[in-house]
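First, one chain by itself: the form predicted on its own, in structure tokens.
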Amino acid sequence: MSDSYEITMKILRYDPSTKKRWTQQYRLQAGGILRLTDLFRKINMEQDPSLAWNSSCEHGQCGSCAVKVNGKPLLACELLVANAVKLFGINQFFIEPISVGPVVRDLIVDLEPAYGRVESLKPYIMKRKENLYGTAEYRIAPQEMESYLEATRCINCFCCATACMSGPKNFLGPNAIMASMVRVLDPREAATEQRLSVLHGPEGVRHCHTSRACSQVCPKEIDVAHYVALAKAAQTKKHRET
């Protein structure tokens, strides 16, 4: 891993007071083990304190630092400079905000609409089945939990929704659909039909083009497209039975 790189960062900026958008270029020397969030901080400290960006945990767990780098949505806190150069084959990076909500300033996006789509699908148990075991805890067999455990690692960074090439603006989006499918697969949930009726509704899986872009960009390596496909399969099964 090289000690230092000559990096050029072109960052799409937005000033809400003037409604002005422009691309600003920064050149900086950076060590290979610095992350992109470190580069944003370096720009703030050495060149331009007005650059606005978002991050919280910086350990790949909160998803708040999601941006598009050379068109690819990813977590800025996870991408090392050396790995970025290797991934894109160049030392120049065009940084944009993710596209799941209105831009507040520079790389900061209002995520309320995106979280609203997840919340609209009620990512919790809506109607609990009777506990046949008669215990205080609802026991779930390992093989049942295995069917949806991977999806529970989603951090709602909205990288998948940004990469999604499907549907109109009111499409629920891959991570929201996956959140609902977790509860469809959850043996404790009794409101399965209610959930599927929403997933198969006008804003649901019918808009998915099966590009699998959602799975390809997930920083948690979740096969998001698999869960969207399960929702589609449930729709096909229902049509065959009617």
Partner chain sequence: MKLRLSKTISCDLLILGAGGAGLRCAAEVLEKRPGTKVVAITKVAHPQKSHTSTAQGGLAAVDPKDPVDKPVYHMFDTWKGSDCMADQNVVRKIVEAGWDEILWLENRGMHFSRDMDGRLAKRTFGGHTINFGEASAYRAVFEADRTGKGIMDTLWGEVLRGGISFIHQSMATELLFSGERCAGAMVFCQKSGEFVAIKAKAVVLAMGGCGQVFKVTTNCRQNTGDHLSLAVQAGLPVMDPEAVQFHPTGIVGPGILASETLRSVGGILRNRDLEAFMEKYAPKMRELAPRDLVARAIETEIREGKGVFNQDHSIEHVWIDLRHLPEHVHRTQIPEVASFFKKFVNVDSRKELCPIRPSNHYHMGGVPTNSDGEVLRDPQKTVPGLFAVGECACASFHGFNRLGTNSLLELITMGRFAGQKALEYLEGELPELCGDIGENTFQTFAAYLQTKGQAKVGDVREKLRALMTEKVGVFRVEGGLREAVTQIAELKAQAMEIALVTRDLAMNQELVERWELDNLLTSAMLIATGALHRKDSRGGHFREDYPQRSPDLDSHSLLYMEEFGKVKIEKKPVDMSLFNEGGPHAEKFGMIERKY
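Every value quoted in this text rests on a predicted model; they were computed, and no experiment measured them. Positions refer to the first chain, counted from 1.
Omitted here: the form predicted in complex with its partner chain. The next part is about that form.
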Let me test this: is every residue among 94, 193 and 234 within 4.5 Å of its partner chain in the model of the complex, going by heavy atom positions?
no
Answer with yes or no whether residue 63 is in contact with its partner chain in the model of the complex, where contact means some heavy atom within 4.5 Å.
yes
Contact of residue 166 with its partner chain in the model of the complex (heavy atom, 4.5 Å):
no
Should residue 170 be classed as touching its partner chain in the model of the complex when contacts are defined as heavy atoms within 4.5 Å?
no
Does its partner chain come within 4.5 Å of any heavy atom of residue 203 in the model of the complex?
no
Mind listing which residues of 16-40 have a heavy atom within 4.5 Å of its partner chain in the model of the complex?
16, 17, 31, 32, 33, 34, 35
